[in-house]
Every structure is written in structure tokens, then in C-alpha cells.
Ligand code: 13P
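Below sits a lone chain in C-alpha cells, taken as the form predicted on its own.
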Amino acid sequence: MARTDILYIGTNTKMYMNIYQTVDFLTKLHELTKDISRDQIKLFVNPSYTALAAARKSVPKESITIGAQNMCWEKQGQFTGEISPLMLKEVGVEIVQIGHGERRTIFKETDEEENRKVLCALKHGLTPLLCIGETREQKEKKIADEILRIQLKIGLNQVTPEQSKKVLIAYEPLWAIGVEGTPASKEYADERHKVIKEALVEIFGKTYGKDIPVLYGGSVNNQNAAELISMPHIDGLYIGRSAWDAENFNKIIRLVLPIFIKRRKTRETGAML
């Protein structure tokens, strides 16, 4: 089965939940979704650093994959305040988020820095979730596609086609994330996903590039999740605050999974004709 035949859906809790809240959230989410075959869905949660160890122990790794929200580009050294891939692996982390819009805008991280982190993650057996997205100004100037291509080509520089089998991409337009974010229309999001997928094929070739899941993130909620996942180029959802309540996250998962499965079967039928 291709990676894009599995629904990738996850959330990043940012700097909100403490250890107790994280464990409570994960425990409830596991119980609510344990009847869903993990052959159909890849469910992941990226808690705060302090909650990672407890998070991993709280639920089976086959049920929910635990990720980190950021990582240093070196395995060790004089980097006060940073966290290394070795430390993340020690507590059972499998995914590391790289280049989230808040890291790029608030902490001024560059595409080159994100590339170093991607390469470091792959070197140490972690799955990099590379986040990309244009600003509102770039969208208004109609250069979003160019920005996305640059972020991909720099961020994935020196990643081999074989390594790309562990890469995930999240498209998060900066104007759509956060408390004051404006959700992108399903058409706009799908158009950008199409561009991203074309760029991935340019970078890695058709065989590898087409099989890299591209998730949409940016004010995803109960009202727009179904229409977003119905679009042909969107492989999954990276949800913010709408997913921070386990019961509501479960509702979104059960809403979008049948749509995704139907879309996949339609694609498979079309490919056979």
C-alpha cells in the first residue's frame, strides 16, 4: 500500500497542555479511536517537550504516534536550550515537526536551518514533518507557488529519493494558522497541494515524489474538514485547537475517514480502467 493510501491526521498542542492534560487527552483519544484500523489511518500528536516521555508511556505506539514540535540540527554539543534527536528518540518520539510557521516568523528560522534539521532527523531515524506556507502578503502578490517551491527545494536539499520515504509535508499558509487565522477555501488549498506534489516529483522523481503524503493545516475544524479531505491532492489533515478535545478530534476523524477511503477506492478503480 502506498503511503498516500493511508489517512494521515494529527495535531500539535503548541505551548498549552501540561503533562497531566496531555496524558488525559491521549488516553481518551486512544479509547475513542481504538476500534479504527490503523491500516487505514496514521494518527499522531506532537505535545510539549516536558510531556513527551509521559505521552509515549500513556498509549500504545501502534495507536498514536508521538512527535516533537522542534529539534536541533546537531545530535549533541554546546547548544544551550536546544533538544537533540538522540534525546527525542530516547523517550520514544518518531516524528519531528520542522519549520512550523511560528518557528519561521517568531523565531526567524530560515529554509537553510530547516534543511539542516530535516537532514539530521533522517540521519537519526526520525520522520521529519516539514511545514511550509506563504504569508498573507505573498498570497496577495500571487507568489505563493514560488515560495512553496523554494521552501521545498531548500528544505529538502540533499535528501535522497530513498530517504524521502520517511518525509511528510504539511502545507500551512501562515495567514490561516493561529487564533486569528482565516481558513483557506478547499479549492485554494488543493491548488497549492497540487503545486507541492509537482515540486516533490521534480525533486525526487515520479516514483518517490508521488508517494510523499502532503497534509493540510490551517484552521481546520468540524465545518471544513470533510470538504478539505474530499479534494484530490490533500492526503491528510494537521489540525490545531479543534483537535485538542479528544471527543471532538474523534468526531473529525470519523467524519473524514469514510470520505478519504471512498476517494481512494475511486482513484484505484480509475487506475484499473
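Predicted, not measured: the structure shown is a model, and the values here were computed from it. Residues carry their position along the shown sequence, with the first being 1.
A second form of this protein, the form predicted in complex with ligand 13P, is not displayed here; the remarks below concern that form.
When you look in the predicted bound form, the only residue of H233, R56, K42, R241 with a non-hydrogen atom within 4.5 Å of ligand 13P is R241.
The candidate spot formed by E114, P128 and G155 lies out of contact with ligand 13P in the predicted bound form, as no residue has a heavy atom within 4.5 Å of it. None of the heavy atoms of M71 is located within 4.5 Å of ligand 13P in the predicted bound form. Taking the partner from the other structure, ligand 13P in the predicted bound form has a heavy atom within 4.5 Å of a heavy atom of N12. For the chain shown alone, A176 is a contact residue for ligand 13P in the predicted bound form, at least one non-hydrogen atom being within 4.5 angstroms. Within 4.5 Å of any heavy atom of ligand 13P in the predicted bound form lies no heavy atom of G67. Per the 4.5 Å heavy atom criterion, ligand 13P in the predicted bound form is contacted by stretch 211-219, the sole one of 225-233, 47-55, 30-38, 211-219.
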